[in-house]
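Below you will find one chain, with nothing else, as structure tokens; this is the form predicted alone, and questions on how it binds or moves follow later.
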């Protein structure tokens, strides 16, 4: 029964917190730009409104892409520890992570690719040129940040001798946080966070001023509402993963969410003040400094063992 409750609770927490963060992001950007901005609960209003609107379909793949992207995010949430006790004895039963024994960091990395692949399927079925441009940017951006992200994950796994996120969090709480044990990897991961979230200066995929929201150009109604939900859960997943890898997770759900909020606010400050870069500049950046820092840290970690 506990496992069933966790399977329901983890995606629910991710959805609520993710939607709250989406609304908070719009409010923060508005305040930085000296505007009042919409209410924090505006994304909830948008989702409810879109659910009641008519959705135009371009075929089965058009809708299947949305389902694939959302399913990937939902499964990923259940592989990420969302706070627990310091002891973690045994690991799988004292932390909110229903699929803690079903995979490790590499599985999480693969599942996170379901979002770009799902959008690529749907956008391809729409035959909209703006959507095609957005998808090509999405896949190139994913290729750009996956290289340093893989090096970051390898360094963390080498440092703590495990591929299990739950065990990595437990060892951080027993010793020192990842930001102290593998500092260069932490910096590299923070540098690619905006790219993984698709926000400025890497908001190249949707870019309303250039390609009319890119892959989302043909979506509306229920499908667009589900994409918004997927975006909220993906936001939660990326920030939660950073907290688990480098900030020791949380001794309980409350402290975990506080750490997530701190990371989110730091990333949103970058989003609020930096302009969009070109796709080639985004690739050069991700393959330069984050990759170099992550590679140096991985080398140091492996040689010190």
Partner chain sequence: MDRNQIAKWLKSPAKMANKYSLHAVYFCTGCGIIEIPPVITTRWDAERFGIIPVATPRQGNLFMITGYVSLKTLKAIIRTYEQMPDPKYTVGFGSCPINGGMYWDSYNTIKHLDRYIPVDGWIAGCMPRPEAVFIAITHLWTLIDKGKADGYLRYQENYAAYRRNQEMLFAELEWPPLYPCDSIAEEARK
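Note that the structure is a prediction, hence the values are computed from the model and not measured. Residue numbers count along the first chain shown, from 1.
The protein also exists as the form predicted together with its partner chain; that form is not presented, and the subsequent description refers to it.
Q: Is there a non-hydrogen atom of residue 199 within 4.5 angstroms of a non-hydrogen atom of its partner chain in the predicted bound form?
A: Residue 199: no, not in contact with its partner chain in the predicted bound form.
Q: State yes or no: in the predicted bound form, is some non-hydrogen atom of residue 212 no more than 4.5 angstroms from a non-hydrogen atom of its partner chain?
A: Because a heavy atom of residue 212 falls inside 4.5 Å of its partner chain in the predicted bound form, the answer is yes.
Q: Just checking whether residue 179 would be counted as a contact of its partner chain in the predicted bound form - the rule being heavy atoms within 4.5 angstroms.
A: Because no heavy atom of residue 179 falls inside 4.5 Å of its partner chain in the predicted bound form, the answer is no.
Q: So in the predicted bound form, does residue 220 come within 4.5 Å of its partner chain, heavy atom to heavy atom?
A: Heavy-atom contact with its partner chain at 4.5 Å: present for residue 220.
Q: For the stretch 24-45, which residues lie within 4.5 Å of its partner chain in the predicted bound form by non-hydrogen atom distance?
A: Contacts from 24-45: 26, 33, 34, 35, 36, 37, 38, 39, 41, 42, 45.
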